[in-house]
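This document opens with one chain alone, in structure tokens, the form predicted alone.
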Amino acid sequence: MTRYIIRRLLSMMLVIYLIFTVTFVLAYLIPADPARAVAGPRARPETLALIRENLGLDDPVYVQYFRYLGRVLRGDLGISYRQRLPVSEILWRRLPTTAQLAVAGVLVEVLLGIPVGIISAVRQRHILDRFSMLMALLGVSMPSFWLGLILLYIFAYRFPLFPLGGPGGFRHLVLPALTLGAAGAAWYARMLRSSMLDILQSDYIRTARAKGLPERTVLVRHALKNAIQPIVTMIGMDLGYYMGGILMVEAVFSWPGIGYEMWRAIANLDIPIIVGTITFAAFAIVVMNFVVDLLYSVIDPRVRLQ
């Protein structure tokens, strides 16, 4: 088990390093001048030169890369060009609102996707199954920003049942959570249906039914217990992905989380925030994958041999 954990930790560090490097290179290949984004389009050349010197932008790219990499290894994600605040402080301030939306989105996925998947598997080829899979197909196909705008128009503008955007209480969270969780719920329903259909044809399910066990016990204790394992993996991956910031959903609903900060940084060409946010998102995703892998290795020791 110790060797398995060490191997997984080394692979995690390699993935984070590669993502950091690729993001840094791509950010500096953007054909724009961060100094002009900070000073404005009418800034004088001497002002731009002074800003580049203060920010270290006049150094060669490889010097900037290794300097920034050294800071990241010490836990320092740099200083925002426009806000002049540490990037880690900005992300830490945005993290609670992103975490709130991430947990709400995962709850929507679970509460909608799992029951629909079970019903579709139990009532195969029934009208409920066909309708559920049609809705799941629509949920997978709809872009999140489009669904968010539609929900805002219907339930916040035409019929003002919910606020138009911004953070707040439960009513402020409903539409962003539905937008975030719709696609995931559709995937959960489709995957759980497929998995349960295979398991319901297994010999041990026939044996359980032959023993006279109630159908609910057969479905919950025997079929669902084994069919839900892939869903556990998807929940961990989704939570890690959402914790890294849900850019489009947060931008549509003006939700001041990590994704919304990333949106502003792209518009302002704030490279430290762009690189820092993507690095943090990669860290969140690989950590959640690591946690899921550990759970699987405890459940099934054969995973450690892979």
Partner chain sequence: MRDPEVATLACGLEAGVQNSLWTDAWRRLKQDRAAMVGAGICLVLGVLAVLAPWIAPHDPNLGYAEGLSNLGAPVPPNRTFWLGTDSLGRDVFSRLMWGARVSLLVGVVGNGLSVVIAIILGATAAFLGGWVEMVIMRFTDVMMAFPTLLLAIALAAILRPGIDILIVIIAVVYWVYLARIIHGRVLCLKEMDFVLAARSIGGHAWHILLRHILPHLVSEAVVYATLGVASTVLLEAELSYLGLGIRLPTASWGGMISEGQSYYRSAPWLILAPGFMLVLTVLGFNLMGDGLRDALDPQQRR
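Positions refer to the first chain, counted from 1. As the structure is a computational prediction, the values presented were derived from the model and not from experiment. If you superpose the two forms and keep the largest set of C-alpha atoms that fall within 1.5 Å, you have the rigid core.
Just so it is clear, the following notes concern the form predicted together with its partner chain, a form of the same protein that is not shown.
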Item to complete: Run the contact test on 145, 269 and 286 with a 4.5 Å heavy atom cut-off to its partner chain in the predicted complex and return yes or no.
Response: yes
Worksheet item: What stretch, of 100 to 108, 80 to 88, 136 to 144, 207 to 215, brings heavy atoms to within 4.5 Å of its partner chain in the predicted complex?
Response: 136 to 144
Worksheet item: Do residue 61 and its partner chain share at least one heavy atom pair within 4.5 Å in the predicted complex?
Response: no
Worksheet item: Any chance residue 48 has a heavy atom within 4.5 Å of its partner chain in the predicted complex?
Response: no
Item to complete: Spell out, yes or no, whether the shortest heavy atom distance between residue 190 and its partner chain in the predicted complex is within 4.5 Å.
Response: yes
Worksheet item: residue 294: heavy atom within 4.5 Å of its partner chain in the predicted complex?
Response: no
Discussion item. Only one of 131, 170, 157, 92 gets a heavy atom within 4.5 Å of its partner chain in the predicted complex. Which one?
Written reply: 157
Discussion item. Given a superposition on the rigid core, I'd like a yes or no on whether residue 68 shifts its C-alpha by 2 Å or more between this form and the one not shown.
Written reply: yes
Practice prompt. Tell me, please, whether between this form and the one not shown the C-alpha of residue 17 is shifted by 2 Å or more, with the rigid core used for superposition.
Written response: yes
